[in-house]
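To begin, one chain is listed below as structure tokens, in the form predicted alone.
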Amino acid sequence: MKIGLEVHVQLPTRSKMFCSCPTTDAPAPNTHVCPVCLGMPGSRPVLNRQALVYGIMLAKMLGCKVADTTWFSRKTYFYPDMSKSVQITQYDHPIGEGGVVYLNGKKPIRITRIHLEEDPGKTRRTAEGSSLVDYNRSGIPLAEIVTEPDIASPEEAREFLAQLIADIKHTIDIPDDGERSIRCDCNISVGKERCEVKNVTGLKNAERALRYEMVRQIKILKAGGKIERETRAFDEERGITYSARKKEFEADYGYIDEPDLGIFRIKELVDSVSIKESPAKMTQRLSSQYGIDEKKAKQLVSTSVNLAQFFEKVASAYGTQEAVRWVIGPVTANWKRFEERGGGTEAVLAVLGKFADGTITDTECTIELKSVMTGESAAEAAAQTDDLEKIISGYLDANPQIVEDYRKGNKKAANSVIGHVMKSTGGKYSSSDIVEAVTRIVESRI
């Protein structure tokens, strides 16, 4: 089985790709439109520079070779959601080519290309069975990331998408405000011919669509049938794919160079654009540089890149062992509330400094950390910590085999303690507090 993905990313610009219409949510259908994004006769597009910058940033993040010159093409597009019957996109000179993303730092997923284009509008079905078109989305800048068919299963596709989306959001600061979307076209072949499932949104739906399509194709081939190359759609409610139209080939699109935009010489701009370290690369670096388990490194980064950076600060000040003990423990457990409060990490670092120089004990350090990070009084934090530790210690005293199994490498042995505490406390403590406390106390007994 081979799976390749085409990931469409709406870029977080304030205006559309080739005009000044806003990209924010519109008050009503067809209100954020103008002659340019509707393709009226006599209108001329002007490239949004920030969209170009975002494309360069993503190309660099994907490890692509970024071209010194680039230009746009017209793609014949005879569908009602593109009113001018062509889509301005990139064809033979995309913004980047030949990249690679390492899934979990190991398996290479080759990136064929990343190119820029404009989004079409939306077609909406009415209760009466007719179709209406809303062109507010038409012209919003898109980056399309195309992979080689290097993905081996629907589960792996979901895992890859999760990693890629996290890296994309971090690289170009896409906000989680509901106004932006990342959509995916899923190409899958079980035999020789492939089918494309268009416009799938969400990690779960991508996996569901691919799994259904995998089973459908296998059944056809086992029955002696032939897979027809086609474009299919995914019905989220029924969890099935269905035929939308016969799959076009490149020649069907009638690409020609876009005469109104010309050639862009971007080498100087490319050289000036820098990007942040992606979450995936940070995870691998933390694991390698500090010698910590990859799962712990991933936990740090997925919780918050700021948390991962604080881990490095603590490791630099007090050593990796103390950073693992405190940051991956009680600091991580309370980090969400800490960020919501807008706390400063210097106060947290000061508490760890007191433990490092022997001023406070480990229990006192845990209490002070929780107090500083959550805003609770020291007395409240101490009372909660004492009660929680008593419950955990009592259960471990009654079940000593748990510590022995954990010592032998069975980390799941602690799950029974976590389950017992959650059940007996009835939601009094957060799950992160319970997991942190159980891990700390079990490991202290080894």
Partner chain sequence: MSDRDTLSKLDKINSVYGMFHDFGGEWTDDTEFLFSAKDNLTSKGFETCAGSRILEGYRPAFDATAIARMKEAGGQLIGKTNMDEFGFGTFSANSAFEVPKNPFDLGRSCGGSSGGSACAAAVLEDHVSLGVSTGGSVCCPASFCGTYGIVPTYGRVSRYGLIDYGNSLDKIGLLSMDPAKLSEYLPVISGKDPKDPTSCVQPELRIEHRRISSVAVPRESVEGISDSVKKAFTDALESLRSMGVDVEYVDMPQLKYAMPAYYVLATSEASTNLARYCGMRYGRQDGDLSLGFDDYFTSFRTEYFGDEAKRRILLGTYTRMEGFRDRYYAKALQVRMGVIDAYKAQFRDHDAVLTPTMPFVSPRFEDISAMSPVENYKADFLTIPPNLAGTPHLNCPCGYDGDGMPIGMQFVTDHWNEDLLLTMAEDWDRQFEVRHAEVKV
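Because the structure is predicted, anything quoted here is derived from the model rather than measured. So that the term is clear: the rigid core is the largest set of C-alpha atoms that superpose within 1.5 Å between two forms. Residue numbers count along the first chain shown, from 1.
From this point on, the text means the form predicted in complex with its partner chain, which you will not see here.
Proximity to its partner chain in the predicted complex, defined as a heavy atom within 4.5 Å, holds among 257, 294, 339, 193 only for 257. Think of it this way: in the predicted complex, its partner chain has a heavy atom of just one of 130, 316, 272, 361 within 4.5 Å, and the residue is 130. Not one of 202, 228 and 240 is positioned with any heavy atom within 4.5 Å of its partner chain in the predicted complex. Listed stretches are 99-107, 206-214, 80-88, 341-349; the contact stretch with its partner chain in the predicted complex is 80-88, by a heavy atom cutoff of 4.5 Å. Residue contact check for residue 74: one or more of its heavy atoms lie within 4.5 Å of its partner chain in the predicted complex. Its partner chain in the predicted complex comes within 4.5 Å of a heavy atom belonging to residue 43.
Its partner chain is not drawn, but in the predicted complex it has no heavy atom within 4.5 Å of residue 310. Though the partner is left out of this view, residue 38 does reach within 4.5 Å of its partner chain in the predicted complex, counting heavy atoms only. Here residue 130 counts as shifted, since its C-alpha moves by at least 2 Å between this form and the one not shown after the core is aligned.
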